[in-house]
Every structure is written in C-alpha cells, then in structure tokens.
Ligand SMILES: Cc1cc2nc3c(=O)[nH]c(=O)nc-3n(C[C@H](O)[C@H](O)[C@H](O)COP(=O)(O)OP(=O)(O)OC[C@H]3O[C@@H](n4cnc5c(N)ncnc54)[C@H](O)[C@@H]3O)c2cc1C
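We begin with a single chain expressed as structure tokens, specifically the form predicted alone.
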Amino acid sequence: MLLGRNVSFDEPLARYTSLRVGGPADAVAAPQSREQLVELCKLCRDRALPLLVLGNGFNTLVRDGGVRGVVLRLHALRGLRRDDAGLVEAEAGVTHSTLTRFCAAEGLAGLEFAVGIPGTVGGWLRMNAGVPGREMKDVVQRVAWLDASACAFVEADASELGWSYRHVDLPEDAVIVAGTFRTHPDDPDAIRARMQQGMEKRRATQPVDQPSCGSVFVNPPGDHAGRLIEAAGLKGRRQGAARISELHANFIITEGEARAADVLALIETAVEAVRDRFGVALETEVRIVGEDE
C-alpha cells in the first residue's frame, strides 16, 4: 500500500483546520517524503482524483459537506538547512515557529516580521503571507513545487514569479514543496527581542489564542476590513457557536460545536453590512473549499 497508516478515509477535517470546523474528506494523505508525494500524485492523476493541499489548516474554511477526493498534508516534509551565504531552505511542512526560531538560533535576521503569522512554509508562500509593509516576496529567493499534472518537480527564482497581495502566480495544481529565504547576520539576542516585540503586538491586537482562520477579508485599497466591519457595528456579532472577534473585527472565532455554516453566515453578514453602509465590496482572504452539507 502506497502510504499505509499515513492515509485515512472519511476523515473529519475539523481536526486539521485552525477554525476547527469542516466536514469529512474522502481521504487524507500524508506522504513522508518527496518520492511518496510523486507516487501519490501519479495515483491521483491516473484515477482522476481531485487533490487539495491543506497545510496546517490556517487561512482555510472547509464547508460542512467536506471535500471529495484526496486532501494532501505535507507536515512530514520539514527539512530545514542554511548555507554559508545565509540562504535558508525550508520544506513546505516546516512551521512558522520552527523557521523563525531556527533563524534566531543561527543569528540570521530578516524573517522577524513573520513571527506569529500562523501556518507552514508552503502556506506562507502560496498566499504571499505578510504584515503591512513586508511580505514573503521581500525575502524569498527560490520556490520549488511539484507540477501535479506532470508529476515532476519544478524550481524557479522568486523574481521569475508574479507576486501580489496574498497571491503568487503559480499553476493552480502546483504543490509547493520548499522555499529558500534570504537572511543577513545579526546578534541572536537582538533577533529574539524583535521577535518578542512582534508577538506582543500581535497578541494585543489579534485573538491569537482562540480558534480562527486569521484575517477573513482582504483589506480594501486605502482602508482596513476590520475598521469597516467594526464601524458597521458587528464586533461581537454571533451566529451559532461562531462570532466576530471583539478584539479585531476581521477575525471570526469559533467555540464548542461551531459549524462552517455559522462562519459563512457571519462572512455574508459582514459583506452585506459593509456594502450597504460604505459601498465597499469586501473580498475574502480565507480560502473556502468543499461542499455544503
């Protein structure tokens, strides 16, 4: 058997998403190497099985009906190394905390801005994650991915790819397997101090200790989605076991027996309220996948 115990069937995706909601996947597969990833890709291609990549489940909302086909998790791909020039290569399954702590321990600066941005390297790159004034595109040197159609690996310099707000121009079926980041030397204690400052600011302004998907909406040009939602009077608005955060209105948090339908209803409420009051069309940043129940 290709993956043995590393594949499960009819698997609830709520346990794999930061919102803790979502119906079952037909199959959840976790290849333990790039070689297994290629073999899985070939199997899905030859049998016409849909393949959905799910990293650590941040920035993703799975509908209550779940996902047909195979959900791919890359958390076992977590190789991490540096070279003498300060380039750091991290595989897609490396978590945000592992990468930033590694850089601090090695005295490599440049990624402190990403402290607290949840998820894994694969998700960071796929959505060009960042904070105001700084994004992945500013620090990434190369990106490697698997072409799911050809089942072959591809690598390109970041300068060859198109980057925009929360987006990188890659084929829709590209499975990111690694990224290489530019850093520069600095004192480890100074790096850790900046990291701590960043985390303290994030904790003061965002509900980082509660289940959420991060920012729900893209900030419209010249404004902030959270400000608009708050001005529309929606902070604390509840639907079932989900609610718009009182700390930051661009976050929806869940508790107890929340359902994806609860989150989707709050998204629609925010879109309608902001459109009706301010004439602004909010666009979702969170990736919404799967089928309705």
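As the structure is a computational prediction, the values presented were derived from the model and not from experiment. Throughout, we count residues from 1 along the sequence that is shown.
Only in words, not in the display: the form predicted together with this ligand, which the text now covers.
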One residue of Ile176, Leu111, Ile191, Ala90 in contact with this ligand, assessed in the predicted bound form (non-hydrogen atom, 4.5 angstroms) = Ile176
Partner-proximal stretch of 256-264, 26-34, 226-234, 47-55 relative to this ligand in the predicted bound form, 4.5 angstroms, heavy atom = 47-55
Candidate site Asn219, Glu272 and Val280: all three near this ligand in the predicted bound form by heavy atom within 4.5 Å = no
Taking heavy atoms only, is Met127 within 4.5 angstroms of this ligand in the predicted bound form?
-> yes
Is Lys137 close enough to touch this ligand in the predicted bound form, meaning at least one heavy atom pair within 4.5 Å?
-> no
Does the 4.5 Å heavy atom contact test between Cys151 and this ligand in the predicted bound form come out positive?
-> no
According to a 4.5 angstroms non-hydrogen atom cut-off, is Gln206 in contact with this ligand in the predicted bound form?
-> yes
Can you tell me which residues in 79-118 come within 4.5 angstroms of this ligand in the predicted bound form, by heavy atoms?
-> Ala92, Gly116, Ile117, Pro118
